[in-house]
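Okay, so we've got the same protein chain twice, two forms, each given alone as structure tokens, structure 1 and structure 2.
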Structure 1
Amino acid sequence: MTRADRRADVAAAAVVAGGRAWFERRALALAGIATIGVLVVMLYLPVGVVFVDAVVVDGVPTLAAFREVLTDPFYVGALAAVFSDPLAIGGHATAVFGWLAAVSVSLSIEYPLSDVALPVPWLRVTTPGVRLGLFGFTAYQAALSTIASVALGLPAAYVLATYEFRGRRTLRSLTILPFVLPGIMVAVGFYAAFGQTGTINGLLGLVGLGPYPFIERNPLAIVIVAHAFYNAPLVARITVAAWESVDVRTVETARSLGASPRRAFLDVIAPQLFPAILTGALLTFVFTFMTFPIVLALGGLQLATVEVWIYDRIRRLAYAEAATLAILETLVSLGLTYAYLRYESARSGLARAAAPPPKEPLFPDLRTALTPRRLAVVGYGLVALVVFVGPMASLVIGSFTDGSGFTLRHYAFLLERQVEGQSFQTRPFPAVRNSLLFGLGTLAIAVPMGVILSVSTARAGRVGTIVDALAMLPLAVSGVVFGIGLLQGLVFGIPLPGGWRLQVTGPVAIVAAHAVAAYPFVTRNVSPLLGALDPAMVESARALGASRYRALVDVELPLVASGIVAGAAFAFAISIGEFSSTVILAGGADTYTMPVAVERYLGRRSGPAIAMGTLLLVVTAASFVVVDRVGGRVER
């Protein structure tokens, strides 16, 4: 090699290094700009387009729609009197005291199962009753759903985080599965599992019990269980991720200082899990506050929520009222998110390196298997089997049966449609392919977006908290409204000067919309871990000459890897399960996904749609195992 060559080599290397240094210096800024760009086009623009409908009627700004909703007892119940005359404080106080005075508490014996003589002491609280209104009822069922989801999700997190057993990793991957199922499939699955002639009653019949009308007797309870079906896995997943990033040395220190295992758990581990549990609870509340298909399908109109009314208003083209309801709904969710974030940011500063606690074998021998704790795990496993596996298994069974028994013809339909389907018909393979491609695309965009937002708000004080709360907007806005906004803002297009229209459709738009729906999960999984890191670690890396980007990639990210992987799995799941914006943005007929195919096959026969739903289950289950295995390698 001549000297000139060598010099050229060195120069080239310097240019590459210079380019890399330039990139590293600006990487965060560039990624931040890209993130803001995606958010403005795919989120703030569409949502803004709809919300303007609420406050501008015929070109004149007005708050009349708000006044109407807030003073209507149908919507806000007893609060309507307060809103219509907010200054009559004395009158409102008298009303409250009068109500309190009429409350009575008594102890009685109840028989909760009408067919079984099982007496339960019951604390009966009698109140004169208060009109909740649509908003009040929506919040009430969301609160119950949240409690149920946390109660069902935490034991799962405990089992997955503390025990080692065959298939633990696979099970952990599959916890996210319920998340991707379209509402219709879940409703059909629940009926097939809990219905009068359903699987559970079939099993009860074998031991001479039932049939028990689970859904008929208490629809609210079944709706809440269905919400737990969706959201308990979310609680479990987020909590496991936090559990696995607990530094075992802190526990060992506590133990060496004489703390009992219970004390060590309560004082060391529990405080580190608490933000994750609250995150799960918050997300569950927000989701179930905006629930729509599940309440109507299982509970019926009696359990209607605010979202049901928004959907109805939009169908009737009453956009002002729909937007008003949506804004109020969003304010509730964002307010809660903000309150939670204040709490989360108040708790930063615990230095922690990921050295996850060791796991003990679940059933090492028979003696251990019979201890109360192991038996409780088995008991929980049975409950989980009924709640989670029951509906999904019933769906799968439904895809192989018709009125007269076992059949493969529902799958034959899918095959035939794949082979002979015409261009305007929905074929299964493109749906599978599109779902997976969009899922990967979503991962590629949502994970960096979520991390960027976490990093930029982690230590920015109150302003950071507000920005963080606003960044949660995709979770807080009703899906119906978001869909309409995408349609009006991006599909129809925004008129620009010179006769142009800004229009965004097709696969790129779908992936961007999925990413916008998904990044909050990355942020909410990463932020608590990032906030808990010792700022001194980043500062020393910076003092040693690392760029902010280097410090992030080399120091912070490896320490919060479990959060990133958990967030990434959610991002993938959100993309696979997403329905409304996919349908709206799919420009050509060839950009449909698996859930869209399920809905399109719903006709006056059930078979094809359920078979497609089963295919969705299988493909998603397989891809989650892969995502988690790949993610697991990143975590190590």
Structure 2
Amino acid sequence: MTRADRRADVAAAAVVAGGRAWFERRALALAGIATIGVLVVMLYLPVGVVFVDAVVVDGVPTLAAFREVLTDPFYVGALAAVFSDPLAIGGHATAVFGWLAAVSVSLSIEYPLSDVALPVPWLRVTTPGVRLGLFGFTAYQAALSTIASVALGLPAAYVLATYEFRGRRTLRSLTILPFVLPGIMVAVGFYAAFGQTGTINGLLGLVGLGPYPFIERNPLAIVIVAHAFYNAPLVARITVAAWESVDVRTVETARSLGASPRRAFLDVIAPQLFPAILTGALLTFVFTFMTFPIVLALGGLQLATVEVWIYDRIRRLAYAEAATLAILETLVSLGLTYAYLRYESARSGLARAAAPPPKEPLFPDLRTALTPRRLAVVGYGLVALVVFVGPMASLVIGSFTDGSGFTLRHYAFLLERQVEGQSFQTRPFPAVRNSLLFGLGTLAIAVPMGVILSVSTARAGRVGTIVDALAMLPLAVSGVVFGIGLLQGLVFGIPLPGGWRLQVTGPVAIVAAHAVAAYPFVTRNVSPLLGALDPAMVESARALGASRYRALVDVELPLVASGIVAGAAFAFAISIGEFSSTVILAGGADTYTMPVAVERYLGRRSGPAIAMGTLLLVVTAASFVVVDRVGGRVER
């Protein structure tokens, strides 16, 4: 090598080093700009297009739609009188005192068992009726659904975090499966399980019972169970992650100071789990407050929530009323999200270092298996079998049966469609391929977006909390509104100055829409861990000459890898199960996904749709097991 060549190599190395240094200095800023660009184009613009309908009617700014909604008892119930005349404080106070005075409490003797003369003292509380209105009923069913989800999710978290048994890791991976099922498939699964000709009534018929009209007799109870089917696994998964991060040394210290196992749990473990439980409960409340396909399919308009009513108003072309309801619904959801973020910010400094507690065998011997705690685990397993496994098993059974018994013709239809189907017809393999590719694309965008937002808002005080709450808009905005906004804005195109037109369609639009829906889950898993890190570690790295980007990559991200992996799993799940925006954006064979294929088959015959839904179950289950196993290696 000549001297000139060596100089050229040195110069090239200097250019590369300089370019790398330039990139490292500006990497976070560039990533932040890209994140803001995606959010503006794919989230705020479509939502803004719809929201404008609430405040601009015939080109004239007005708040008349808000006044009509807030003063209508149908929407806000008893609060309509308050919104109609907010200054009549004396009259409102008199109405509240009158309601309280009408409450009566009585003690009586009841005989609850008709065949047993067993007197039971019974405390009866009678309250005058209160009109809840559409918003009140939506909050009521969301509260009941949250209670049911937490009640079913916490025992699962306890079993997965405390006991070791064969298949525990696989079962933990599959807990996310219900969360990704399209809502319409959940409704079909519940009809297949709890309908009068469903699996549950079939089993009851074997012992001479039933059939019982579970859905027709109490549709609200079935809706709440269906919401728990969706969200209890979410509560369990978040709580398990927190439980496995409990510093076991603090428990051992409490026990060495004389605390009983129960006292050590209440004083040491429970406070460390509470933020995770609150996270799961809040997300469940927000999701069920904005529920749409399950309520529409199982309850119809008689159990209409705000989201269902928005859908009905849009169908009737009442855009101003629909947009007003969507804005009020979004404000409620954002308010809840902000309240939680304030709590999370206050708790972040109390996080402790992880030293995972050991797990004990679930059934080491017969004597242990008969203890009350293990029997309670078995009892919970039976309940979980009915609530979680029942609808999915009914789907699988339905894909192999018809009115005459066992059959493979539903799968034969899918195979025939794949082999002989035309390009304009929906085929199974492109749907599976697109779902997996879009899921990977969503991971590539949503994970960096979520991490960048976490880095930008962690330790930023109240301003960071406000920005964080606004960044959670995908969780708070109506899915129906988001889909309509995409259609009116990006799909049809938005005219720009100079004759240009902003139009986003095809796979790029779908991946971007999925990433926008998924990144909040990455942020919510990463932000608490980042906020709990000691800032002195980053400052030490910066003092030694590391750029902010290098300090993030080399110091912070390895310490929050568990949160990133958990967020990535949720992001992949959201992409696989996303339906509302995909069905609007999907066109040819390169864009439709498995949930869209299920919906298209459902419009013709239920058998192929259920078979496609079963295929969706299998593919997503296998994907999550792989994601969890790969994630486990990254965490180690």
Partner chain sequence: MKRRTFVGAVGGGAVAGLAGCVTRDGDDGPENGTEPGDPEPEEPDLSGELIVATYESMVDDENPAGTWLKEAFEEAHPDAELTWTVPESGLNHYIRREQEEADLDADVYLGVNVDDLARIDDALDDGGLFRELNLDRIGRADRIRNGLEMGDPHGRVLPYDTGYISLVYDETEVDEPTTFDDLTAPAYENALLTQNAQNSDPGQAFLLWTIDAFGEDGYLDYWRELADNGVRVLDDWYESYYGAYMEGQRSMIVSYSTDQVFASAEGYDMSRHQVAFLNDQGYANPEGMAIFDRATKIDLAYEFVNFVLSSDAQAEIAQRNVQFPAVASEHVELDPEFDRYAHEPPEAVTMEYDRLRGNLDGWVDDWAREFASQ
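Treat the numbers as computed from the prediction; the structure is a model and nothing was measured. Structure 1 provides the reference sequence; residues are numbered from 1 along it. For clarity, a rigid core is taken as the largest C-alpha set superposing within 1.5 Å between two forms.
Number of the structure representing the form predicted in complex with the partner chain: The form predicted in complex with the partner chain is the one given as structure 1; the other form is structure 2.
message: If I superpose the two forms on their rigid core, does the C-alpha of Y411 end up displaced by 2 Å or more between the two structures?
response: Comparing the forms between the two structures, which are aligned on their rigid core, Y411 does not shift its C-alpha by 2 Å or more.
query: Does T170 count as moved between the two structures, where moved means a C-alpha shift of 2 angstroms or more after fitting the rigid core?
result: No, T170 moves less than 2 Å.
- prompt: Would you say H92 moves its Cα by 2 Å or more between the two structures, aligning on the core?
  reply: No: H92 shifts by under 2 Å between the two structures.
task: With the core fitted, just quote the Cα shift at L544 between the two structures, in angstrom to one decimal.
output: Shift of L544 at C-alpha, rigid core superposed: 3.1 Å.
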